[in-house]
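Single chain ahead, written as structure tokens, the form predicted alone.
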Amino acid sequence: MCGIVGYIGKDEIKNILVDGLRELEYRGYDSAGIAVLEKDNIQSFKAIGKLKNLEEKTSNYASKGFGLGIGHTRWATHGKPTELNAHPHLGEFSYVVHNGIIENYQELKKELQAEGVTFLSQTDTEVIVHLFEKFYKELNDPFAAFEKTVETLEGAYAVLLITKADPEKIYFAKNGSPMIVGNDAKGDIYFGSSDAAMLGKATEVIYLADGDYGYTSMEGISLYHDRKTKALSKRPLVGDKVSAQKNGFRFFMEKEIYEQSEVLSDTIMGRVLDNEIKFDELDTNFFDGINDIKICACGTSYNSGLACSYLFERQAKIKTSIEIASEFRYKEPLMSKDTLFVVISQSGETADTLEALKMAKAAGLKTMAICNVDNSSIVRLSDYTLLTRAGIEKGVASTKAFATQVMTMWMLSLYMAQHRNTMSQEEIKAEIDAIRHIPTTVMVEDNLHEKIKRLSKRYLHGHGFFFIGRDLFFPLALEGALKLKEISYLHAEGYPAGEMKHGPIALADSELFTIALMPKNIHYDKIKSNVEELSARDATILAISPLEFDLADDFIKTKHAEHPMSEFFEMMVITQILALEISVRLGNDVDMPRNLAKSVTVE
């Protein structure tokens, strides 16, 4: 979710780059930097934290006449948020900025180090600039060197590279991460990772496709694909900055639901290999002396932890318990040093969770954070951190943070299973195959969204909702109910389906809406029986399942039924959109629901 900008022209380069980065602040970042090339002189500036820190560093600098520059706002994935890890990254005579994750960077880094290359950062990005300079020395042709560099990279990337070897061009490549190139009426060239960075500057743009690469100069844009010249397909750049940030969606929450495919790909990348799960963040002896796991979190993060507690016990065969952070502190908990204490937080500043973490640290437990924000309080305090890589989430009601938390812990469960030898290689491979398909599973099809939008008008009145599920789908029911409560202000509860008969079924009548999560792969017959009991008492049933259910008043058919987690993620998206569309019909502010804050920093 980092931001990229670039510029070629005669206007003051620093200001254009910083202005572009400012328009990308909504994507989230922890450091920023620019590099400006004038003739054969490159000036580079980097700063941790907000853009004002970068502006202070560059206050005495201004370009003069023609030149070019690249800029970047970084959201840490490899390495801490430090100036050394901030972009642009430098070689001997070149600079690069990069979004995405280079999956084979470790292999490339070892090869380059063996040839005497010194690395300054902990990032995957730095291999790009060193690889380019290696190939340039071999080929003595900057474009051929860049082309060979791009062909060597594996993973997702949007890359801008400038070099003294060719001081009038910016080289670019795009695969899996967004990148736009455009020009204005004067012929000046602009780059951005979204429209927002280019509005008011470029007048026409090219939305690059995966596999596109090339170079730009004042003479124009040269575009290639598969070593062949590609025709330019320009379109006018229109719109305002807020709508550009929303990418055409009505709300940030809606945009973030649709982004889940992209961010889950980022979460997986570099961690899911052909035959194993790999976390560079964890030592090989990480699990030594660990006999159980205690998860501690609040709200949506609690729901994700509860879902994954099933996976830790089922796959890694390790005793797992979960605690609500606001309650944990006051129960005088018993904590033993053979426990891994896992805290989950989107912001890394959740007060109750932070205080629980402090208690675990004081008791001498090994601690781990599952978090979206590097350098946050929880991350700094924890012994180990797995970043979820969701990018900034502007909608108060969490969506993609939940999805990436679940994915991260699913991978962690398999990682533990590998080290504890609790699953066979064939079973691990089957799980890896399922993980690789999840980004496709969560893609929202137009006809699905339209169906949910039509259904939503039937669920605006009544005396409440029950979201019900079994096993993994009980925590998902909790999360579905929470999403509806947060943005619609309607009463909703998540409940284990088998527990309905122990009291709550007394509420069943035609004005009780039941959202039934009915997966094919886990306890289908059991959940079907529970829903039949509610239907017999005249409850209104919305069934979400790959299997037709005759007693349902409304039915949403799911498609991805090969694996329980495929069903989990698909149903997750459906419940998110249902909450969104009910809230829209009620006229609520979807992104800023009443009484709520994005980061809860008070107890």
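Residue numbers run from 1 along the displayed sequence. These figures come from a predicted structure and were not determined experimentally.
What comes next is about the form predicted together with a small molecule, which is not displayed.
S.K.: Within 4.5 Å of the small molecule in the model of the complex, counting heavy atoms only, one of 230-238, 133-141, 293-301, 379-387 shows up; tell me which.
M.R.: Flagged stretch: 293-301.
S.K.: Using a 4.5 angstroms cut-off on non-hydrogen atoms, would T123 count as touching the small molecule in the model of the complex?
M.R.: Outside the cut-off, so no.
S.K.: Does Q346 reach the small molecule in the model of the complex if we count a contact as any heavy atom within 4.5 Å?
M.R.: Q346: yes, in contact with the small molecule in the model of the complex.
S.K.: Even though the small molecule is not shown here, does D195 get within 4.5 Å of it in the model of the complex, heavy atoms only?
M.R.: D195: no, not in contact with the small molecule in the model of the complex.
S.K.: Contact with the small molecule in the model of the complex for S398, defined as at least one heavy atom pair within 4.5 Å: yes or no?
M.R.: S398 belongs to the contact set for the small molecule.
S.K.: Could you work out which of K483, H89, R74, H98 is the residue within 4.5 angstroms of the small molecule in the model of the complex, going by heavy atoms?
M.R.: Only one option qualifies, and that one is K483.
S.K.: Scan T350, T267, Q260, S94 and let me know which has any heavy atom within 4.5 Å of the small molecule in the model of the complex.
M.R.: For this set of options, the contacting one is T350.
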